[in-house]
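Only one chain comes next, encoded as structure tokens, the form predicted alone.
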């Protein structure tokens, strides 16, 4: 009996981009040993990338920031989709250029190129393909945390000239398109955090009624802000306590820093607030120089807003035919 040797399918990374990693929804229940959840920064755009291709919503994707990768494909035809406010193009036969459109399925064949040029007034975008990526899991997740060197790709960003191997299974995919626009909100909503009363009334008033600027010192671990100093009346340092994604710490210089996906699991700066889960996607897409204004909500309001966020996400998934 003759056996047909399966073709090797892979992307060759001709340009890795600025901060390109493999991500999924993250790893759970390891904070007690110093391992954060990690996972994608923009949850909704991640979910939509897989939903449009009719894949398991927790399937691995390629997350990129600002400028994405340039990938040359080798193998049998596959489908892909890119989500986020992203400019990209497909180059066929080294000459024909097709302008890409986010939230729309495209097909690529052998030697075609995906060139993800940039995000548009935002930070993160996502590439999902119709097939499976050959990636190793660490503690139940492929998510890459480059600070801790944990996850697939040896815990590192993608690099030039590396190969991304693909398990080709001829998954059925249609040329689906979702009409979706990434909206912005005027305020980032927060609830009070555990050390809220460490701060003076003047500092609290400033936090909720003034503006902060996103600095260039922002990455997957945290987002540093600058504005007028938030005066602490108790102590600018505390015994290290557990941290969660979205918590707003205030450093000794009086400026806030918001913990993001790859945050440390403990910290010794007082915590004034916590960004609600429903607004986290909008927060992480704010580029350096953007202005943030905070608005306080109650825990009950935050829970309702997250339920609405999930309902809205599910409604978008249901629109995919």
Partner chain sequence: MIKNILNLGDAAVYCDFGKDVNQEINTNVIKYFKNIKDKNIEGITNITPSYNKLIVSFDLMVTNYSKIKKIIENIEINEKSEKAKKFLEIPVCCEKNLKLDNDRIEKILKIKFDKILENFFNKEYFCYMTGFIAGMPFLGDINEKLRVKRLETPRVKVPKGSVGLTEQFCNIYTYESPGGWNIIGNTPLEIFNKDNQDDPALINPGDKVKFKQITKDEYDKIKS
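Residue numbers count along the first chain shown, from 1. The model shown is predicted, which means the values in this text are computed figures rather than measured ones.
This next part talks about the form predicted in complex with the partner chain, which is not shown.
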Exercise. Heavy atoms within 4.5 Å of the partner chain in the predicted bound form: which stretch among 48-56, 283-291, 61-69, 29-37?
Worked result: 29-37
Exercise. Does residue 43 make contact with the partner chain in the predicted bound form, using a 4.5 Å heavy atom cut-off?
Worked result: yes
Exercise. Does the 4.5 Å heavy atom contact test between residue 16 and the partner chain in the predicted bound form come out positive?
Worked result: no
Exercise. Even though the partner chain is not shown here, does residue 194 get within 4.5 Å of it in the predicted bound form, heavy atoms only?
Worked result: yes
Exercise. In the predicted bound form, does residue 241 have a heavy atom within 4.5 Å of the partner chain?
Worked result: yes
Problem set entry | Candidate from 118, 173, 232, 138 lying within 4.5 Å of the partner chain in the predicted bound form - any heavy atom | 138
Exercise. Relative to the partner chain in the predicted bound form, which residues of 297-312 have a heavy atom no more than 4.5 Å away?
Worked result: 299, 302, 303, 306, 310
